[in-house]
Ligand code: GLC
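In the block that follows, a single chain appears as structure tokens, in the form predicted on its own.
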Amino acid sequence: MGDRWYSEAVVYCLDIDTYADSDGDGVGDIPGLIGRLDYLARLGVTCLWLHPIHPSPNRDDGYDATDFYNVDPRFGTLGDFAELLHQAGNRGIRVIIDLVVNHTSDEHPWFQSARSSPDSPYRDWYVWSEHEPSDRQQGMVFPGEQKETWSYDRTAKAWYYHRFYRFQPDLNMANPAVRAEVKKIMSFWLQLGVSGFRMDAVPFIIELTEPGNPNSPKDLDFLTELRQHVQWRRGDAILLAEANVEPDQLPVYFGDGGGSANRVHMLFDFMLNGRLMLALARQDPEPVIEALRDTPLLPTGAQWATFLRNHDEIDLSRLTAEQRNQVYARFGPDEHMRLYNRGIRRRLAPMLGNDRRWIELAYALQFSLRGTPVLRYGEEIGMGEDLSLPGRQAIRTPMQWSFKENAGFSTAEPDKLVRPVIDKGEYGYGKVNVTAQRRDPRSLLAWFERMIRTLREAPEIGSGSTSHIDVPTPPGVLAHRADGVTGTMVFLHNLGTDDVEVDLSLLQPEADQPIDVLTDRGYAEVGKLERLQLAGHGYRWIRLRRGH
């Protein structure tokens, strides 16, 4: 991998508390994760993204931190974390962690001091208003669960701002001392050996909140400061940002108007994610073609992170109401499958009816598109969700390792588990687990290993350019290509259910002994590319030529 390792990475995200429990207390921990690193290495993962690891009251799954310089004692110690970094590095796996500095827990010592007195040195570390702000009930991230974004604190005798839940007061990024502290936090973890940060809620981190102004200014230059700071501390460290903003705003998160990539290295591609879901729902590639065509031009070194499922709901807010309803009708027909009037709280396998061919097609398509693929734990074995759990917890159930009690996740009594394992139905651990799929060369897990291995042999997918091949194709078929110094790959994906034939003979002059490298089934040889067979929900990754 080159200097821009992130452009050719395969990212795997997980919650430590639901992955592997080594001591039988019902909560996943760092030693348990270390014990599963060989599994991740075999899968082909090159970067591990850990959801919040800090001490927390856990009222919001760890996103309410009380100490940014430590590890939640439920997971282990800083020594355990250092060992994780070492053992992951031995296997060629980098580790990035969540940086959740938009807010703290209201139990954080900083906030407790801040609310205690107007003279507290931490008073100005948070955002206060002596009078009730007029925008008190605007800008809520969790509609239906939040009633306001400003709450009155009787001890402080003032209103404090919280973009998220009321127990998560926002830090005041207009305060130079807070900015310095954020850099210090980043320096601490970089010194330990992390390879960067997934930055939570970036548009809110850079918001300079003004009471009564629902459109407070944003200081994008703070991202430039953080980028510079991180690069000086560790040259190959990255910032992977969560910023679900309007398309015309996306480029400014990567860099300033000068055209250089001097802000975040990577952004999650929420626009593409919504379009992918719409395309799968319609069984029509047009939304993906539009997304590829409308992608803003990125500065050199900037990169998208693609995903189908992540740790939150599928966010459909960038689709029109009509488009959103089409996705709902196909993948979230029942009200309890939806969340916040904008998303679906399900995993992909049940959304696609546990149709193996459809699941393979969806992930083959995601992993072949421009950007760096991100895979949610459990998706590689087709785990389901538990809709009896509240909100986002539905897709945060323990990893299903084996046929053993608690799916091999923990030896604790079932009622002691951090969250119930899925033990019934077609997604119960008796039917869906790593052990069963490890023994089956035709399993979904075996397919993921093969697909990721193929991806890593085609670095132009991540580091090259991707474009739609604009030729007449049968309904449902997407044809696109990836070009880079390592060569050219061509991809065919059939979102429809009918067997078809595709003519790509116009590419023949570029071809150098073209060959299939990943397919859903055996097909006739590629030949001159003029009569390429493609099954319903089928796919073909074709090596057109190698670079010289």
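Since we're looking at a predicted model, the values are computed, not measured. Just count from 1 along the sequence shown to find any residue number.
The same protein also exists as the form predicted in complex with the ligand; that form is not shown, yet it is the one meant from here on.
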{"item": "Partner-facing stretch of 301 to 309, 389 to 397, 326 to 334, 219 to 227, counted where any non-hydrogen atom is within 4.5 angstroms of the ligand in the predicted bound form", "value": "389 to 397"}
{"item": "Full three-residue contact with the ligand in the predicted bound form, heavy atom 4.5 Å, for 284, 358 and 520", "value": "no"}
{"item": "is_contact(residue 63, the ligand) in the predicted bound form, heavy atom dist at most 4.5 Å", "value": "yes"}
{"item": "Non-hydrogen atom contact residue 269 with the ligand in the predicted bound form at 4.5 angstroms", "value": "no"}
{"item": "Partner proximity in the predicted bound form: residue 263 to the ligand, non-hydrogen atom cutoff 4.5 Å", "value": "no"}
{"item": "Touches the ligand in the predicted bound form: residue 152 (any heavy atom, 4.5 Å)", "value": "no"}
{"item": "Contact residue in the predicted bound form, chosen from 379, 200, 207, 385 - any heavy atom within 4.5 Å of the ligand", "value": "200"}
{"item": "Of 363, 125, 164, 427, the one that lies within 4.5 Å of the ligand in the predicted bound form (heavy atoms)", "value": "164"}
{"item": "Residues of stretch 93 to 109 in contact with the ligand in the predicted bound form (4.5 Å, non-hydrogen atom)", "value": "100, 103"}
